[in-house]
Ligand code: SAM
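Coming up is one lone chain in structure tokens, specifically the form predicted on its own.
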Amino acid sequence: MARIFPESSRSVSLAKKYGYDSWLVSRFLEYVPDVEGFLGKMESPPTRYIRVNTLKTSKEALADRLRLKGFRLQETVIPEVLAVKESPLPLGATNEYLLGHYYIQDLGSCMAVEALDVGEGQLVLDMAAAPGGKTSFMAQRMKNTGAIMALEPSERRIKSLTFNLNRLGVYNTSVCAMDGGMSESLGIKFDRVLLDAPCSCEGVIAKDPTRKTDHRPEDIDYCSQRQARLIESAIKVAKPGGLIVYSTCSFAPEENEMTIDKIIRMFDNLTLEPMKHGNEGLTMFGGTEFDPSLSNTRRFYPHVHDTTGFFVARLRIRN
């Protein structure tokens, strides 16, 4: 069940100032560093990022073309990702975008693929693939070799997934109309499994301010139950020695550390591996202590990392 904390004068004041339901701000006060800086940052549109599609161009060639159009770009900690500081055109309205030379994708989202450490010739499963940003990033890191199985249960979202893969020149990926929870029925073991789990989307409040008041504790409960089912499926289809990356765009510990803590207690062949970027994950929430290795998970906050909100866990299947 989603943890609810008593209101305080501070939570009520911040909720009123920034337009949130106070129960949500009371939760943020339990685990978000510099809550007022966090809430203030989410009042502004998030920084825009583009991921260079190296299947079709190089970073240098794309940057040169966009700068000639008047774009101002900045490097980030992921080589293929550029921050767009100024643009004379909408990012989706350039010839380069239409030709598939780049994909509009938040830096935090790209961290999940960075953590997955995909390589040429591998067999990879993307359990919740649409709209295809992470799938196509994996394909370019794999140089279109090996094979990716991209699962998506929604027919409507499959259309956007296949459109994006085609535009970006991805041809090592098969799209399957299937819920990720059914992945064991494929009868395949994978070198890498990505589960970018459906979540309550707390991390994208800057893009969707309705989440300030439309969000409910029941949303967290529903998502965490679904996520537990999906990650259990992910573990069952990963090869010994393989990697699973679990990610969400939520801040809720119930969807993040609590889900991972439960799964590593359920399976005795999992190791949580550290990552280079992000804040350490929580090892306690609401009086509940987690396994100390949860510090190896990573949180990305808008006011700290200049991303939308994101959580990433990297799980190794021990031989």
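Start at 1 and count along the sequence shown; that's the residue number. Everything numeric here is computed off the predicted structure, so don't read it as measured data.
Quick note: we don't show the form predicted in complex with S-adenosylmethionine, though the next part is all about it.
Enquirer: Exactly one stretch in 76-84, 212-220, 123-131, 238-246 has heavy atoms within 4.5 Å of S-adenosylmethionine in the predicted bound form; which is it?
Expert: Comparing against S-adenosylmethionine in the predicted bound form, the contact stretch is 123-131.
Enquirer: Among the candidate residues 208, 117, 179, 232, which is the single one with a non-hydrogen atom no more than 4.5 Å from S-adenosylmethionine in the predicted bound form?
Expert: Going through each option in turn, the one that passes is 179.
Enquirer: Could you spot which one of 148, 170, 107, 197 gets a heavy atom to within 4.5 Å of S-adenosylmethionine in the predicted bound form?
Expert: If I apply the 4.5 Å criterion carefully, the residue I get is 197.
Enquirer: Can you tell me whether residue 141 touches S-adenosylmethionine? I mean in the predicted bound form, with a 4.5 angstroms heavy atom cut-off.
Expert: Residue 141: no, not in contact with S-adenosylmethionine in the predicted bound form.
Enquirer: Are any of the heavy atoms in residue 152 no more than 4.5 Å from a heavy atom of S-adenosylmethionine in the predicted bound form?
Expert: Heavy-atom contact with S-adenosylmethionine at 4.5 Å: present for residue 152.
Enquirer: Is it the case that residue 159, even though its partner is missing from this view, gets within 4.5 Å of S-adenosylmethionine in the predicted bound form, heavy atoms only?
Expert: No, residue 159 sits far enough from S-adenosylmethionine in the predicted bound form that none of its heavy atoms falls within 4.5 Å.
Enquirer: Taking only heavy atoms into account, state which residues of 25-40 are within 4.5 Å of S-adenosylmethionine in the predicted bound form, ordered by sequence.
Expert: Nothing in the stretch sits within 4.5 Å of the partner.
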